[in-house]
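We begin with a single chain expressed as structure tokens, specifically the form predicted alone.
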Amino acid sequence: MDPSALHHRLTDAERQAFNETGFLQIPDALSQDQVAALTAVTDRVFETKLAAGHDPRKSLFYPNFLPDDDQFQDLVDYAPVFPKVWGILGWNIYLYHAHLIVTPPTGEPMSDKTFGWHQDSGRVNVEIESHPRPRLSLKVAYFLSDTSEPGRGNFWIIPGSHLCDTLERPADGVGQPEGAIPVLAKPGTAVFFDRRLWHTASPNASDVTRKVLFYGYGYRWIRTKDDMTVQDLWERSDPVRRQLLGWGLNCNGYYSPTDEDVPLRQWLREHSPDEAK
């Protein structure tokens, strides 16, 4: 990993914003050339799924997309973004979940029906006894299409709700919970969000197809959330990326890692010792 990545470390203001609101928005994290190239690859994936029978009117949720193209893999440890990930979670981390979403227009007007609000991680929110629930992981969403206006299948959030274990929804199923807002993001924006943040997808009532890449980072002792087939990428990855793709010496190393298990920590010892503790 190039030391120039250190120029993109999490700032004190970014840390405060993430801790208080549960999300962080980084405009222009991707250049327009990168957006164009990643969009072309995403379109190719979508066309392949359509050819295999996917309904063109329905949203495509496609996990384990990293092996499909080197450009997807290059975002795993992308220098303008990844330092902020380790700044929040620390160094004993990996990519436990990744999914690509394409949301075509529905052809219908936006209704006021209550969306599917949730926190990530399923049974974690039931089986771990704590308040507030533990952070454990976060996601970075790279927006390839223009969702800078409402109604474009926007990702909705409730800022600050990551510290709430429950969410009061409208009893009649109409309208959104108090404080809910759509995330407005231009192409190239990276949005970080805490897994505990109450959030939801929404219908796409526009004429713009929504395209987003989600990268989920968590601690190495967390199981993968989808059937990731990235082991074939280990041999051609540098040590830090190999860690992020799930490599380890043995199972115990995920809980009590040696230096060889976590090359990110070794790299930080050399380049940013305070973050290697």
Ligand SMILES: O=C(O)CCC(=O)C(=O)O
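These figures come from a predicted structure and were not determined experimentally. The first residue of the sequence shown is number 1, and the count goes up from there.
Not pictured, yet referred to below: the form predicted together with the ligand.
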Thinking of Ile101, Asp120 and Phe193 as one candidate spot, does the ligand come within 4.5 Å of a heavy atom in every one of them in the predicted complex? yes
Stretch in contact, per heavy atom within 4.5 angstroms of the ligand in the predicted complex, of 125 to 133, 198 to 206, 69 to 77, 172 to 180: 198 to 206
Exactly one of Phe46, Tyr62, Phe214, Trp247 comes within 4.5 Å of the ligand in the predicted complex through a heavy atom, and that residue is Phe214
Does at least one non-hydrogen atom of Trp91 fall within 4.5 angstroms of the ligand in the predicted complex? no
Is the gap between Lys139 and the ligand in the predicted complex 4.5 Å or less for some heavy atom pair? yes
For Arg220, is any heavy atom within 4.5 Å of the ligand in the predicted complex, or not? no
Would Phe155 show up as a contact with the ligand in the predicted complex if we use heavy atoms at 4.5 Å? yes
Of 1 to 23, which residues get within 4.5 Å of the ligand in the predicted complex if you count heavy atoms? none
